[in-house]
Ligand code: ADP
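Next up is one chain by itself, shown in structure tokens, the form predicted alone.
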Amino acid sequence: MPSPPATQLPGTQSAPERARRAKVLLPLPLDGAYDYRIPAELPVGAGDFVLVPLGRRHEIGVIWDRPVSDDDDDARAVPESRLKDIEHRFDLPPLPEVARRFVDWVANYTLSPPGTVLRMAMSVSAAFEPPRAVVAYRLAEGVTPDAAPGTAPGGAKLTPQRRRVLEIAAAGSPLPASELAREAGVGTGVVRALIDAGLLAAVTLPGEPATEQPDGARPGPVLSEDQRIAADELQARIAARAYSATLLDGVTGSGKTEVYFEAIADALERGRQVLVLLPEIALTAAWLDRFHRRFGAAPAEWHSELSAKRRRQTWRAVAEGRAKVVVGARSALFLPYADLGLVVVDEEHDQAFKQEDGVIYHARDMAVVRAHLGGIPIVLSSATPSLESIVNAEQGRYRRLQLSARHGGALLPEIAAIDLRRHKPPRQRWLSPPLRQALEETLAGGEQAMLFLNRRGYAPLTLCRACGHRMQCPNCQAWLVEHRLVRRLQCHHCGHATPLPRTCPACGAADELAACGPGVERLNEEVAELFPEARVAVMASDTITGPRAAAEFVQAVAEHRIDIVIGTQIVAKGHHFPMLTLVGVVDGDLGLDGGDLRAAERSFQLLYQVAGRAGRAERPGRVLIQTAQPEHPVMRALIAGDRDGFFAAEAEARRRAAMPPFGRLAALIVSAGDGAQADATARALARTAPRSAEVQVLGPADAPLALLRGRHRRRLLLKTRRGVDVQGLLRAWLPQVPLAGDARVQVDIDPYSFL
């Protein structure tokens, strides 16, 4: 908790003359805002961040509505004598009204306490501390970068590295030592040596360090005719300064990013802030490089890998309007933008935009709400749009812009299936003869290949050959995945990990534990045996641990320092490798028959995106999908290149079943430490469930992961037609069942995952 300032901060807003109280929303799971008294000497207004007492502690909250006087009709019936004083107002811009309305809307839609949603907008407590002074450096008096060796003050030796630092220091404003080193491409020790030698002089700068701003006036690349038409349309939407939703639908490699970059440039020229949401941190590195080339400076980043210092700086820069473009994960949606003018959701179909813990929401859908509340345009970009977005476009709620050809004349790859029933891999091997031959031809031609398998680790299951025991997570109903590189078994749901045992924990047999099925590590082992001269690397969330690692990997592939890439879904999108001409999908059937509403849609999107990595430049590409179900509708559509036909058939099947986007779903996940308690709670909910011709309740049933993180889980599914007030039904239903013990009910409106 930051310390309050020693003196009262000057107010920037005047409270009404007779205002005595204000409603303050705290970032806690409370029912609503609390009333506090406004001291006469502390002018405050709606949206101000304030420090208030709560019991024996102090909390930072937000004045949620305009302050009112005691005789105002809006004043709460809380006696004035019971009110506690607001203690301080923080010297920060107020949380804008549109941001406060957004918090209320999300809370109402997701059935979450408003304070829990507000906590996502106030996630950096250090941001409320006054900015610390920044020490920067400039050239000392009498120093020039081109001084002859030995003529600098003190006879300091000017190496080429030191001269670069001095040249940068002479060219612009004073910079902190770390930024000087970064700009000069040297270590901080070089800068420190110049400071110690007296060649750089310290300057104390108030507040946050200045950073370069993206320049919307910089010329971009020459666009194709289709790109130019789409870019002009997006720029017209920004000029209108009104809400609009546009689906930017283009095949892989069609240049969608350059199109919405034109929209970003237009928003920057108008002085507005821009938010770009990306589903994966691993995508950020390549995107940042393209952005820097286009706009001459980096955007502000927002994701889980940022240091505490960077998070604090970014939060304040967003609130003060200094961060002009923010690129980040789904939580970036809740930052306190001073003047947001454009939202872009890239890879809008991606399941990673669904938040499954805490406040459960879909960032794409909430981004559309945020744009609507703010009266600004939003762009949803994808090569494989979600069925929800396609239907919204067909029904006129979204405008659809299509890019049907790859940029620069590149052709879409040819896609073919390898029938594993006819072309079986050798025993304990996973690459069929046709795929092995294609790899040989690709490497012989000096080109690159990618093998896709959406399974991390070495093997998805480890069992004992002596007794059949399967290694299972003690906290979850899930098999432990072997990670041979670090010699451990790990649960991918709760994170539980244990060393790989030598003996079976059930029967004690030694050396009888066998890995079953392939993961990317096992595939890497097979490829290394088949092609010992090839340079092979694995790209998975276990090996790519942040944006920097992703950037280094992508650069290595782009510079052809890697011949074969083996990867999970993080290789599927956003990457452009000119020499990559072959994509091999090792298990195309994985995920096809998961019993999930969106299983076919997700499988098609993922495989289509993976296929799109091949042949993105002059050399043609090809894609080979190993499958035991070549007759499956997903496989037939991929091979025929009939994306639109697949989505039309999928939409018709959903329409007949009245499933989203033509109906509505809400999932109730009952959990408890005791299985009997979970069962009793779930049955009580089922007995009191609403039922009518428009409402159907399915369950209770065991969740697919009936044990997760030590808690037993049961599920009920509420299904209604569109137009039914699902939230109202749930508000009337859930209070009828009191929760006993440690039982909990989690509500997921519009569920995407059914685990």
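Residues carry their position along the shown sequence, with the first being 1. The structure presented is a predicted model; accordingly, all values stated were derived computationally and were not measured.
Separately, the form predicted together with this ligand exists; it is not shown, and the next lines address it.
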Just to confirm, residue 251 within 4.5 Å of this ligand in the model of the complex by heavy atoms? yes
Using a 4.5 Å heavy atom cut-off, state whether residue 321 contacts this ligand in the model of the complex. no
Partner contact for residue 660 in the model of the complex: this ligand, 4.5 angstroms, heavy atom: no
Can you tell me if residue 364 lies within 4.5 angstroms of this ligand in the model of the complex, counting non-hydrogen atoms only? no
I need the one stretch from 257-265, 80-88, 418-426, 643-651 whose residues put non-hydrogen atoms within 4.5 angstroms of this ligand in the model of the complex. 257-265
576, 560, 182, 535 - the one with a heavy atom within 4.5 Å of this ligand in the model of the complex: 576
Answer key, this ligand contact in the model of the complex at 4.5 Å (heavy atoms) among 633, 176, 546, 221: the residue is 221
Would you give me the residues of 329-368 that have any heavy atom within 4.5 Å of this ligand in the model of the complex, in order from first to last? none
